[in-house]
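Below sits a lone chain in structure tokens, taken as the form predicted on its own.
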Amino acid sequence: MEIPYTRTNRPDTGLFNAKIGIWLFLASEVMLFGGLFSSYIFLRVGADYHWPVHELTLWPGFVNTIVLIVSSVTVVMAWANLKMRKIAQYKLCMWVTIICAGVFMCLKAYEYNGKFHHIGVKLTDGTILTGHFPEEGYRVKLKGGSTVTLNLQTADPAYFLKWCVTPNPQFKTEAGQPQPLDQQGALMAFIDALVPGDHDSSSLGQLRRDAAAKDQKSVKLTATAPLEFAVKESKTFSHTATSITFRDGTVVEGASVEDKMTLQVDKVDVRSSLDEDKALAWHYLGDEWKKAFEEHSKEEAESHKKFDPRDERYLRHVKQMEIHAPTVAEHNTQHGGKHSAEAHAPGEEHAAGGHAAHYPEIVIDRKDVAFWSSFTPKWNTYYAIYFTLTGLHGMHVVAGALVLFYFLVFDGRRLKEDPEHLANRVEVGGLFWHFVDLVWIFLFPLLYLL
């Protein structure tokens, strides 16, 4: 059965069927993104905290804007060349469009990776410190007698052992027999320790099947000596003063001996501090950094005196200070145009942990930490809507690129037998691609410039 009006226009509308369909679909997309943009505006206007201004690094967003504009041109050229039956030029332009989509997503992944590794810590007085955790993670010691509960459905013993730095940890099972855990990766002794009795200990899978037969979902081990962990906070699901829950479902409980957060600080923000002169940041960074901050504030206040002191753009510069070196002397030497605030916006240039050569390292008592998170939706409303908008847009980019890729690679038969029909399909794909580009034209100034 042949579908009508795939090559020719309908007499009533003057459009072929797919073109009518894509316009109706794009109308629903306009309502979707229109609602999200409106939400952003209302949330920003009604924010009860200092809304981030110019916090994103500009160059990835600017490059992505150029990339999408180029792709809009090449997709039109692909369609025009196909209409004129210039097949080689059509294929070249389609490949350029798809490559542009790949470049866009790579840059977006680069940005996201930086956010995932950059840490914000809100202290109990409202002061905010941002930075990175040390490369080796921060250490937590738990007293002897602490317990390890392994979820038999999700736990990975090798993952748990990766973060335990206690040499040759010993555990007692529920039966009371001490058993060693092999930290080199061999799991046989470990599995023997979990479920006493006759079972095949050659694989964790067999252990899980045995546990399922006994309706046993977890097993609890008791450490016979103090445990110590050097764990990156990003690798834990949650962490309190008495327990660590790993992302694989393993839970370690016990009385904490040492529970402090080590942070390599790259920014101090006192906009919400109860008393910026007595901010907790100076308790940990010291008087030298406090003096450097005061000098920084005076310089920025003078250079931004045209702004209202309540304006977020004024506060962003005067009440925040980017740190560029581990000591005040080096920081003052390096401070200048090439080390502007944008140069160290949340994490794009420093996507991994371990930056002792770049920033001062402090150890914060847990009692002084009100909240901490990486720069993900958990951190604040701005990042929640940033990831929502850019993530949804990124999915549209991937979907559009896959459709164009299908037309180019897997529609060769239609190209030979019915190129006019393929040209109509490429036109419809191009209309969707133009919409994706247009959404980014609004997103870029909204998130990066305003």
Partner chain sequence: MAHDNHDDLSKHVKTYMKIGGWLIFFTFVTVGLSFVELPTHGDNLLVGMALAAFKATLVGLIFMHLNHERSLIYKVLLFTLVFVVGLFVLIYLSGQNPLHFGGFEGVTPGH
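This one's a predicted model, so the numbers in the text were calculated from it and none came from an experiment. Residue numbers count along the first chain shown, from 1.
From this point on, the text means the form predicted in complex with its partner chain, which you will not see here.
Does each of 69, 72 and 317 have at least one heavy atom within 4.5 Å of its partner chain in the predicted bound form?
Looking in the predicted bound form, the three residues 69, 72 and 317 all sit within 4.5 Å of its partner chain (heavy atoms).
Is there a heavy atom of residue 227 no more than 4.5 Å from a heavy atom of its partner chain in the predicted bound form?
Contact check for residue 227: no, nothing within 4.5 Å of its partner chain in the predicted bound form.
Can residue 95 be called a contact residue for its partner chain in the predicted bound form at 4.5 Å between heavy atoms?
Outside the cut-off, so no.
Evaluate residue 44 for contact with its partner chain in the predicted bound form, applying a 4.5 angstroms cut-off between non-hydrogen atoms, and reply yes or no.
Answer yes; at least one heavy atom of residue 44 falls within 4.5 Å of its partner chain in the predicted bound form.
Considering only heavy atoms, tell me if residue 106 and its partner chain come within 4.5 Å of each other in the predicted bound form.
No - in the predicted bound form, heavy atoms of residue 106 and its partner chain never come within 4.5 Å of each other.
Could you spot which one of 362, 77, 321, 280 gets a heavy atom to within 4.5 Å of its partner chain in the predicted bound form?
None of the other options qualify; the answer is 77.
Suppose contact means any heavy atom within 4.5 Å; which members of 19-35 contact its partner chain in the predicted bound form?
Heavy-atom contacts to its partner chain in the predicted bound form: 19, 20, 23, 24, 26, 27, 30, 31, 34, 35.
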